[in-house]
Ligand SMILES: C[S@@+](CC[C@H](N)C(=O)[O-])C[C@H]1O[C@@H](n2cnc3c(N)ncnc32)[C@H](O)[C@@H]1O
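Next up: a single chain in structure tokens, the form predicted on its own.
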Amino acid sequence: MQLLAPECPRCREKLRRNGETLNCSGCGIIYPLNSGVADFLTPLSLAQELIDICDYFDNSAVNYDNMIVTMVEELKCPWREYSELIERVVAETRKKLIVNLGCGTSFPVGSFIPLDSHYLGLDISSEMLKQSCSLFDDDSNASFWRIDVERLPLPDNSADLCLAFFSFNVFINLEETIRQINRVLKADGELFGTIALTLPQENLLKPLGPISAQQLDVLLRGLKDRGSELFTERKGNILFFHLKPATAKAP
């Protein structure tokens, strides 16, 4: 399947590829392509808080996979159960556009993507995205964009499944993030992810902050208003959430 052409995150006009850049005919911004990663951040101004988060994850990319496994175990969720729950949902998403918000290194999600779906990994960290790219063959149906989640360069009603694994524990403006998800999800689209209900004793991921189940429910209220239903499953201090059309069966 072919991925939809990205939009300019600033003015929402379509972008045109010109060699190793993506050029906007609307506002004139030129977005570079670096080793296959479309960089929608460098030409834009970022708040210092976002810059600090970006720097942190750039410096953590090499050890990120081990950090995630350690954190999941410290949150009292066996790693095998954690990865199996993710595989159960992602592996069944056939012939779809799967958008991973805050994808990190795409571990362990990358190994579960069906061959007939397109995987779009979105992250603020260029080093994380380099690690993500290394999981996929050059001819795989995968793309990677460096983005600000509050300015998604995706068209309206384009994503079949949005993933967010611990991403809501890191994103700064969750209300705007949810508005962006609501915009890019198709009418029958789904949102699946995890949140940390508490912080692990050894908080290896410093930008991480806890979110309660009640806070999550309030955040997703707008998405539920579109006719979707929220299913949750708790494993230790990790809450899995799956927002899907109300007519769908619970997982």
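All values derive from a computational prediction rather than experimental measurement. Numbering starts at 1 and follows the sequence shown.
In what follows, reference is made to the form predicted together with this ligand, a form of this protein that is not presented.
Candidate site formed by 39, 120 and 136: none of these residues places a non-hydrogen atom within 4.5 angstroms of this ligand in the model of the complex. Though the partner is left out of this view, residue 153 does not reach within 4.5 Å of this ligand in the model of the complex, counting heavy atoms only. Contact check for residue 144: no non-hydrogen atom falls within 4.5 Å of this ligand in the model of the complex. Under a 4.5 angstroms non-hydrogen atom cutoff, this ligand in the model of the complex has residue 53 among its neighbouring residues. Although the partner is absent here, residue 29 lies well away from this ligand in the model of the complex, with no heavy atom inside 4.5 Å. Per the 4.5 Å heavy atom criterion, this ligand in the model of the complex is contacted by stretch 164-172, the sole one of 136-144, 91-99, 110-118, 164-172.
Put simply, of 184, 220, 68, 199 only one has a heavy atom within 4.5 Å of this ligand in the model of the complex, and it is 68. Of all the residues from 87-126, those having a non-hydrogen atom no more than 4.5 Å from this ligand in the model of the complex are 102, 103, 104, 107, 123, 124, 125.
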